[in-house]
Structure formats: C-alpha cells, structure tokens
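Only one chain is given next, in structure tokens, and it is the form predicted on its own.
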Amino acid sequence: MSSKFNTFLQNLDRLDRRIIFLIIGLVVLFPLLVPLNLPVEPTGLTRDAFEAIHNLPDDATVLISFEYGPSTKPEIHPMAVSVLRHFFARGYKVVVMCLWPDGLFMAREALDEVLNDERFHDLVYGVDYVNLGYRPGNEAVIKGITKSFAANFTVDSKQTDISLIPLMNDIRTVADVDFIFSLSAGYPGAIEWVLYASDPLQIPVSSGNASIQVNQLLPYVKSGQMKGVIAGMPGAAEYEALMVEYGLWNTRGEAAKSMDAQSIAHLVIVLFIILGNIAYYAKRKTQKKY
C-alpha cells in the first residue's frame, strides 16, 4: 500500500461526521432537482394490482379509501395520485371515502393534484367522482356500507345530501362497486376491507401500503383474496413506470424521483462503509507495525 494512499485512509478515518452528513444530503437533493431516470422494473405484485384495475369494464365504478396520514404520505401519496390518474384515464366512476381523519386531507390533496391536469377538466363532481369524506367507526363503517351507503354517509365532504348526488343514485351498498382500492398505512385498512367487504361480497380488492405492512398482506395476495399490492415507495415508482408503459401518462412522477435519490444515497452509504473498513484495517496494520 503506497504511503499516499495510506495517508488518505488515515485522513478519511478522521473525517468529521458532519461532512459525511453534508455529502449524503447533497446526493439526496441532487436527484430530486435533476431526475436521473434510473430504470424501474415492475414486480409481479405491482403489475397484478395494475392489471386488475386496468382490465375492469369501461363503465366500472370503483371505490378508493384513504387510510393514511402525513407520517406515511411520502410513501403512499404518490401511489394515490397514480391510481386516481389510472381510474380517470380509463373513464371509471370514482367514489372516494376515508377511514382515517387525516385521510380526508390526503384525499382532497390527491384529487386536486390529479384534476388540475387538463386531461381531466371535463370530469364533473357528483357525476364522474365524489368524495364522501371521513366517517369514524373503523371496520364498523365498512360493515355498515355493506348494508347501506346512505345510512353511513348522509352527506358528502361538501355537506351535500347524498340523495342529491347523481353518482350515488345507483350505489346503494358497496356491493354495487366493481373494485375496491385501499390506500392503507395500518388499522383500519386493507385487511379490514378484505375481511368485511371483499370476501363476504366477492368484490375484487387491491391496496397500496407502507413497506412495513406488506408482509402482513402477502398471505391475502397469495390466497387470491387480494389482487396484488403496491409496496411502499418502490411499488409507487413501479406503478408510475407501468402508467408510462401502457401509454396512460407521459412521465414518471414523485415516487421515481424519490427512488433515484434513495438509490444514490444507498450507494454512497455503502461506499462510505467500504472505505471506513479499509481505513480501519489500514490504521490497525500501521499500529501493529510501530
């Protein structure tokens, strides 16, 4: 080992940790500002969820439930935006509801972002989509809408009587929707939708979840009770890639940018770990020598 390289390793061993934090911050920031468009290969789980939605009849009515808040927004919100874009691009009627209080704000933000695009300016609230808002009661709300929507949602999120909303005239219970999609970060969420609505009424269901939840859902996917699952930030990036692959959207979105940043950050961290170990062994070798 040359003396210059040995000196470099010894200096590296004494490197101020604040400089390492600064470097990590910069490598995370750069891909967010300048997307690298690193390749994304959709997994079977994400593709199953995408195709289950994509292959619904043209006149399908879908229900999407928001069950996450600000703490899991970075992971789940990008998939909420992509799934809503998918629904509207396919011409489905969309019923939005929330089982979490924070879900109402997430739903409004996702709808505003999606409907701001000129491709969806012709959609009419109450005819093409509706936001029923939040109702407390956890799985009791799911059980309730298997009997009657009107008994559980007397008004929508705009305080409009549900009987005055044209889209809801043909939806008496959840059995009248063709597909359920749960954006879930915990309880109540995807599992409760399977247990209390999808299985009893034989309505296909899929979900987008925080990464930490996915292992809990895999048994339901493997048994065919769920049509795939979008797993965390990587799953959201894969869904964006499928939207581009199927010609439904022109560009990938926030999840792909975040995955670029995450991939580069992981690469740099691994590099620091390798250099740190080399510096440690070089230092120990020098100490033994003297």
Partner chain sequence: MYTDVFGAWVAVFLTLAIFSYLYKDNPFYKLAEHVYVGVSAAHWATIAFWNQVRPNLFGRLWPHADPETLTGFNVFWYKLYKGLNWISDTVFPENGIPGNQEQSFMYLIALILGIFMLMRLFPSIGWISRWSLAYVVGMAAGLRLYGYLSSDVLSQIQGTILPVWTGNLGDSINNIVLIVGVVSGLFYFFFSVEHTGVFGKISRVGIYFLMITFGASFGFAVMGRISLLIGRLKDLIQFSGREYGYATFVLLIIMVVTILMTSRKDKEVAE
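Positions refer to the first chain, counted from 1. Here the structure is a predicted model, which means the values were calculated and not measured.
Although it is not shown, the form predicted together with the partner chain is what the next lines describe.
Contact annotation: of the candidates Gly186, Pro204, Pro74, Gly126, the single residue with a non-hydrogen atom within 4.5 angstroms of the partner chain in the model of the complex is Pro74.
For the options Leu115, Val214, Ala175, Ala89, the one in contact with the partner chain in the model of the complex, meaning a heavy atom within 4.5 Å, is Val214. The stretch among 137-145, 115-123, 80-88, 165-173 whose residues place heavy atoms within 4.5 Å of the partner chain in the model of the complex is 137-145.
With a 4.5 Å cutoff on heavy atoms, Gln225 counts as touching the partner chain in the model of the complex. The closest non-hydrogen atom of His266 lies within 4.5 Å of the partner chain in the model of the complex. Within 4.5 Å of some heavy atom of the partner chain in the model of the complex lies at least one heavy atom of Val194. Of the heavy atoms in Arg18, some are within 4.5 Å of the partner chain in the model of the complex.
Contacts of stretch 245-268 with the partner chain in the model of the complex, defined by any heavy atom lying within 4.5 Å, are made by Glu254, Ser258, Ala261, Gln262, Ala265, His266, listed in sequence order.
The pair Ile269 and Ser211 is at least 3 angstroms closer at the CA level in the model of the complex than in the present model. Expansion of the His121-Pro35 CA spacing by 3 Å or more is recorded in the model of the complex, set against this form.
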